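Below sits a lone chain in structure tokens, taken as the form predicted on its own.
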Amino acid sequence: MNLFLKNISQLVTVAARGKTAKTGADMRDLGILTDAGVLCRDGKIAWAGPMREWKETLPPDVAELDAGGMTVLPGFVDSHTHAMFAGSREKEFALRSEGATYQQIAEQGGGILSTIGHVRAAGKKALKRQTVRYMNAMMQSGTTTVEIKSGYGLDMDSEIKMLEAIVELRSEELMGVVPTFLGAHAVPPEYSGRTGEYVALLVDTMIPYVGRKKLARFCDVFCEKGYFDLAEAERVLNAARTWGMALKVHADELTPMGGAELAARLGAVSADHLERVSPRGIAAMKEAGVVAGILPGVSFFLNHGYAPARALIDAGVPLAIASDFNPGSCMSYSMPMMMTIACTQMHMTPEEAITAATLNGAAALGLSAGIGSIEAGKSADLIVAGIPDYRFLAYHFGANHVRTVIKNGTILEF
């Protein structure tokens, strides 16, 4: 579809101007235009600018959408999710409401391990069917690109089943999907007390298969006390890089283990969580250009400390916001809600939150050359929101302000 959005009251371009990400004070520059228009042709943005500068006559193959009174933004890029799973964990939520901690629940067989049995028992079609429902809900909330991790199978057959399902969704659905291999999410119960043997399985068997079949763009690892230590994480990540995968790290969520420094040393695209990141880790990420993926919904949902967003931004680290949508620690995929939490609890400005949820989210996936901002040549991934000002996204929380979602120039029907 070729489409012309006209009379846009407020066009939030988040213009990158050739940069892969925004850092520091530049995160507050949203490149806002008023009374603007956007021409989408062949799935790309062909032109964006003030209506007064539009002098051409539209050809008959271009549909028009009047966005008067509306705010138009880039589609959200959710760069960290576990959106493919089976079962649910509302009982754990109830236990936490009575004071149980995430680690206590895990020690009782809950947490990540409780989802494994459901995923192992589920067929690929069932996994895809549930994930599509979540993806459609995400798109209705303005997310047009999502990263989806494996990591709830933790054996060869189940991990491959998950990755194959994610890859199939990437080709079958209009939403942008980025697959990540997270076999190092936890040590499965059959390897309890034998972490080294499970790491050997990952390195010698799973990762080579995933690499040969090109089932994942990224490899991630949960580098944390009780899960995988620095040496084990490095072994997994080095093997993944050998097999052509880019790197991500679940870093410094519960303890300051040095995951951020590891991500920097190995050239990871992003280090995510970072609730306990050290000043040394922040400096290392800045030096290496690692994107900091912060997950406000997790800290809110688990009622534990937030990542030091202000310190990361002020240090010049490129910062992205993601939902971490998953059944245990953040059962929410609303990127506007993540932005509200970032503003109210992490001292980010609305402008920084929008940049973090769009352009910098794309950078956390290595995709900011093609998505994340409204600029000529990029994919026409747009949100038309029924709000008078972009600040309403985080300000008026708990409501979905998205009126129209456009992916690759196509208006989505829900």
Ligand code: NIG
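Keep in mind it's a predicted model, so treat the numbers as computed, not measured. For every residue, the number given is its place in the sequence shown, counted from 1.
Quick note: we don't show the form predicted together with this ligand, though the next part is all about it.
Screening Met285, Met84, Ile112, Met139 for any heavy atom within 4.5 Å of this ligand in the predicted bound form leaves a single hit, Ile112.
Only one of the listed residues (Glu261, Asp324, Glu159, Asp252) places a non-hydrogen atom within 4.5 angstroms of this ligand in the predicted bound form, and that residue is Asp324. Exactly one of the stretches 173-181, 211-219, 328-336, 263-271 approaches this ligand in the predicted bound form with heavy atoms within 4.5 Å, and it is 328-336. Although the partner is absent from this view, Arg89 contacts this ligand in the predicted bound form, with a non-hydrogen atom inside 4.5 angstroms.
Proximity of His80 to this ligand in the predicted bound form: non-hydrogen atoms within 4.5 Å are present. Heavy atoms of Phe76 never reach within 4.5 Å of this ligand in the predicted bound form, leaving it off the interface. Residue Tyr152 is the sole member of 139-165 found to place a heavy atom within 4.5 Å of this ligand in the predicted bound form.
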